[in-house]
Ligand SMILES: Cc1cc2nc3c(=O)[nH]c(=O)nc-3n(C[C@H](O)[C@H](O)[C@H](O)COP(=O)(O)OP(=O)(O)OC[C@H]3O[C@@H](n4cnc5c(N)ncnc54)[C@H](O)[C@@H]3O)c2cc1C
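Taking the form predicted alone, here's one chain by itself in structure tokens.
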């Protein structure tokens, strides 16, 4: 509706979609894996050849690490910084189409807190929160949702999205075994995770 659009915006779309609380979702996935009937061993490897020597099938889901392990120079990080603030009464999420700008505007309510985004800084490996960036994130989001002006800052989050021109989802064969590559999902990991996992499962099942 016209009266629901932030000032200065001529067009808007209202829709219903799932909103994922990422820390809770990741904790759920870890718990599900730990409860499954599989043996889990955590160890470091220096190459995919080293991993192949220990298993007939290797599924390479190493994200940014695939740049080195798979010798893939198309992998690069997109740095994302977010701000978590107290929820002043926001019940619906909001995203603004900022085009190619690395400065994003996103408001994601999760009960008692709100996640504000953010940034999309291509090629940056910096995982330290930047206070100035945090201030500008809050200012951009408060400009479209004034309720955020007095919200208390609870947490700073920084992550590196493992990005590639296109997702690499393919099998590689050699004389010692099979490698199934599954990486390069960028910021769309939750959206494509289940479909990619199902494809990998089908590949593993084929002899």
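Take the two forms, superpose them, and find the largest set of C-alpha atoms that agree within 1.5 Å; that set is the rigid core. Residue numbers count along the first chain shown, from 1. Not measured: the values here are computed from a predicted model.
There is another form of the same protein, the form predicted in complex with the ligand; it is not shown, and what comes next is about it.
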Given 55-63, 28-36, 134-142, 148-156, the stretch touching the ligand in the predicted complex at heavy atoms within 4.5 Å is 55-63
Would residue 160 count as touching the ligand in the predicted complex under a 4.5 Å heavy atom rule?
yes
Might residue 80 be said to contact the ligand in the predicted complex, defining contact as any heavy atom within 4.5 Å?
yes
Check residue 45 for me: does it contact the ligand in the predicted complex (non-hydrogen atoms, 4.5 angstroms)?
yes
Using heavy atoms and a 4.5 Å limit, would one call residue 196 a contact residue for the ligand in the predicted complex?
no
Across 111-130, which residues bring a heavy atom to within 4.5 Å of the ligand in the predicted complex?
none
Superposing on the rigid core, is the Cα displacement of residue 132 between this form and the one not shown 2 Å or more?
no
